[in-house]
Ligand code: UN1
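Only one chain is given next, in structure tokens, and it is the form predicted alone.
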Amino acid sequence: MAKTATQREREYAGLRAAREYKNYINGRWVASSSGKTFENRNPADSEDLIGTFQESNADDLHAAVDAAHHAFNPWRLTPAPRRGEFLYRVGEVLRRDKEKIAREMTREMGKVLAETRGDVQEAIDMAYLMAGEGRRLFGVTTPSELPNKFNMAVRMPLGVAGLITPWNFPIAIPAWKSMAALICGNTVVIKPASLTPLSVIMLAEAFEEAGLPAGVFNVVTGGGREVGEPMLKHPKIAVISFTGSTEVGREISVACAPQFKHVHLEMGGKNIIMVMEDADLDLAVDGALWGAFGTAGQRCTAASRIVVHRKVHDQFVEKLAARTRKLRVGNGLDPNVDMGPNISASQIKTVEKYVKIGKDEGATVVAGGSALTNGPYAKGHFHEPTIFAGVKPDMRIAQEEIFGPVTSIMQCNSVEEAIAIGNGVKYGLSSSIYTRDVNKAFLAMRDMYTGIFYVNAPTIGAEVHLPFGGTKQTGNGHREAGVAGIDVFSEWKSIYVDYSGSLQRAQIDTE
């Protein structure tokens, strides 16, 4: 049954009225020189216009970079503890407005309120973490091989950081990148995903309220071709940090190579949960539900593969399918909903394509399997949470990233076979094992070639003070979050101070 006007009003009560949002450049909200805007609509309800945003072009990008470039020298010379105070104030603003921001993000991106609250909390946590790094930013001191000589290494900021962020964590990931960049003394130009620009606008509003100096943080909305490509080529941008697909990440790496820009890529995943014969099956089912269908499977860490020991396989499949069929799909603002929409109509088509591929490959749908298009789903982008059983490790649904609410269950005969299946994809982001056997846990911990590993937990749930990222085609070796995020946005400088009063030559024999 379609929602009445009263129901809609109640659902969107307290949310922002639709309006035109501007770019944030040099401390001011400005319109694009293109004179064009684009609409942003709720993926759960196409009748809900969130707002219009600037359809920016290269001129707007250049203006933002110029502002960031001019702000760089004063900002890098601002003592790091003072820079940290700005970030702390941003964290306080986000904490105060957490519920308001979460509701707007659910409306914009679709995931349920419990998840968007977590998204905002990650931004808060990162603000506080990086604020503290302002009093650390540890370098290295070492003894010299020569007398009366002092050696140390310190960090230097890179310059202007160009950030290209995705739609699935529309405030957490921008915060992960920007907080680390700023505490190191860099200035920022960010291009948010065109599907979720409001979330980054809200982050910019928090920076503005915190009193961040003009030009230090800049937001330019628009398309990848119009804004992203000029960002990659701009000579004043020293580092690009990108989160998105492996295909786009490869293009970014190639585009940045001629200027030798620093590049940080966080890309795809095909993550696995391994369920051993001694596992707590109910706990494993809980983890599989959350890992596979949290954010409607639209996470780079989503548990899109599950390998189960043959002794408990049938029981696990039965339990997981039964629980999955009970999941309530709908508008994420509804507190009774378990899973929200996919982000767009094109994403639904991708999910439907892979469901057909799975069926054609001979796998069996044991739950879900269809898009939801009638009644309350008619004006949104919804798909049933879907489970395939009878999946072989070389099937496309077990090899390729789907980025939707689809998971594939396979069988194994041992932990060693489970690990081999887990490692048998081109990605290496996250993996997990459910077992009561500490030996199996440590074996998998050692042998899974992923950047993140969990024991008795799903493949999602990273915390901001540990490195986040993956191996193989998931990334290019760099990490976000924790002190590893600082490495992305800083250069090392080794310093030698000779106070001997005479010429001393390192590595030269003096005997």
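Throughout, we count residues from 1 along the sequence that is shown. Bear in mind the structure is a predicted one, so any value in this text is a computation, not a measurement.
One more form of this protein, predicted together with the named molecule, exists but is not displayed; see below.
Of the residues 293, 388, 176, 217, just one reaches the named molecule in the model of the complex with a heavy atom at 4.5 Å or closer; this is 176. Here is the short version: of 301, 221, 408, 241, the single residue with a heavy atom within 4.5 Å of the named molecule in the model of the complex is 301. Contact with the named molecule in the model of the complex, defined as any heavy atom within 4.5 Å, is confined among 167-175, 222-230, 391-399, 354-362 to 167-175. Taking non-hydrogen atoms only, residue 460 approaches the named molecule to within 4.5 angstroms in the model of the complex. Although the partner is absent here, residue 104 is not a contact residue: none of its heavy atoms lies within 4.5 angstroms of the named molecule in the model of the complex. Residue contact with the named molecule in the model of the complex: residue 122 places a heavy atom within 4.5 Å of it. By the criterion of a heavy atom within 4.5 Å, residue 53 is excluded from the residues contacting the named molecule in the model of the complex.
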